[in-house]
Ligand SMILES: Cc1cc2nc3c(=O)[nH]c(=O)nc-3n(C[C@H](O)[C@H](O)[C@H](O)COP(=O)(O)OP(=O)(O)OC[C@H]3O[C@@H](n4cnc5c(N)ncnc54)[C@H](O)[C@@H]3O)c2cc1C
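Next up is one chain by itself, shown in structure tokens, the form predicted alone.
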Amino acid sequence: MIIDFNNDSHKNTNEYDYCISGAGAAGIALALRLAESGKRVALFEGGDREYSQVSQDIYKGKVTEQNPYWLDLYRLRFLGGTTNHWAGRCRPFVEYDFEEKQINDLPGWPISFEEMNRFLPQAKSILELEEIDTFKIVENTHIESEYFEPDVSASSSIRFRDRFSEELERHSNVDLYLNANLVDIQLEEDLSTIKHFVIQNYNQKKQSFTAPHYIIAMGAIENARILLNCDSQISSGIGNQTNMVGKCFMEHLNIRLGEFVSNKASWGESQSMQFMTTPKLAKEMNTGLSNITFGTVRQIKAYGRTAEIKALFNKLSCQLGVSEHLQFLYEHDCIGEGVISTLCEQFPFKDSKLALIDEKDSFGLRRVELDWHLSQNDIDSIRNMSIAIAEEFAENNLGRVKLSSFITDSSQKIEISGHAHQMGTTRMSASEEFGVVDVNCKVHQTNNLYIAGSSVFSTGGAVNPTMPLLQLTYRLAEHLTSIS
């Protein structure tokens, strides 16, 4: 059943086995899996079926000047969440991601690759991907190297709102509440057991919902924000006794490494090649894993109120052959030019973090400030990987690379942007000293509060997060059904 919490008065009768806040990929997948096992599930979505500015405004916050980020543009706050505009690229973590390692004085994953991989078939199924030979080499990509290999991926067209709305509507074991915002988590006197979720609509009506088990699945930023805001009983916030909630914010780093000229004899008609770093490079050169895309510009694009003027400027500067000399006026590319972009792993780092500020949203919850930092390990990783791919690209006779000056000049700051892949703010750890949830995604020092989604990632790897977060979601579902 789907219920508009703005218009419906629901009498809570303790009939639910699980309360889940957040109806994106993780929340919907978890709700349906638990419901299939015969359990009663209350699923709360803060937005409606469609986008609305009043809901989206909840995502606003501040960002330090360290690195730019757009908190309210990179996420969508309505049924289906950010899957409503995701590109659909899928790839699971690799075995190397789960090898034992210390990064910035933090441990890696406390679970094994084999344990994670048990749930790959279920993740592929909900994304409607092929069961066999799922992940294929990116077309026309080739390289002979110990340090780089052709990347592989699959593409899903699933939008969780469109694909699962009917199933959620008719499922007798699921009540999906729209316009239902989690504004507080109340604890029993022991301060370890969740007593109820406090849910509020946009008409300022509040209601408590109870169940034996509670799950927050609102995304990496909101998962941390609600825990920090719930400080009426524990001053530091729920699960934050060791001050780890909001720490280790990770993104996949989008960096323009430079430009290239391709060898047409090696490229043929190909317009793009994508490579992935190998564990050998990571171990020998102390790098993270990275996807590196070599692509030629097919179309001049410009955005904003002056888009037409920018597009004309681009076209003329390219035709006159002065584009390189005019980049200081407006950064632009020319058709046929080769540009190198990345999806780089960011290492977990405590100084990259979320914190609450005094400004509040319409529900009275304090907004967050994001201080997105790279560690020195990240900086070294980016530069080592960049030089290595430029050398291997040339040695394979694929062309020649001109790296950006901030790669070759260590005195310059590396220019980064994100891929809208928020991860790591409630990371998984065997010990509460290094994270927020345990190996079963249960919040340390609580008895019945769990977290689903990419906020529990111990490391981010170099793959889009949707598939691995779904694997962890099905793993959590297995655990929850086994204890209830």
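Here the structure is a predicted model, which means the values were calculated and not measured. Numbers follow the displayed sequence, beginning with 1.
The following text describes the form predicted together with this ligand, which does not appear among the structures shown.
**Request:** Using heavy atoms only and a 4.5 Å cut-off, determine which of 421, 33, 442, 39 is in contact with this ligand in the model of the complex.
**Result:** The residue from 421, 33, 442, 39 that makes the contact is 421.
Counting any non-hydrogen atom inside 4.5 Å, which residue from 185, 281, 180, 250 sits next to this ligand in the model of the complex? Of the candidates 185, 281, 180, 250, 180 is the one lying within 4.5 Å of this ligand in the model of the complex.
Inset, instruction - Consider residue 435 of the chain shown here, and say whether it contacts this ligand in the model of the complex, taking contact as heavy atoms within 4.5 Å. - result: Output for residue 435 is no: heavy atoms all beyond 4.5 Å of this ligand.
Does the 4.5 Å heavy atom contact test between residue 471 and this ligand in the model of the complex come out positive?
-> No, residue 471 is distant from the partner.
Does residue 23 make contact with this ligand in the model of the complex, using a 4.5 Å heavy atom cut-off? Result yes; residue 23 sits at the interface with this ligand in the model of the complex.
**Message:** I'd like to know if residue 342 sits close to this ligand in the model of the complex, meaning any non-hydrogen atom pair within 4.5 angstroms.
**Reply:** Output for residue 342 is no: heavy atoms all beyond 4.5 Å of this ligand.
Quiz item: Where does this ligand sit in the model of the complex: which of 103-111, 383-391, 88-96, 369-377, heavy atoms within 4.5 Å?
Solution: Looking at the other structure, the answer is 88-96.
Just to make sure I understand: among 41-55, which residues lie within 4.5 Å of this ligand in the model of the complex, judging by heavy atoms? 44, 45, 46, 47, in sequence order.
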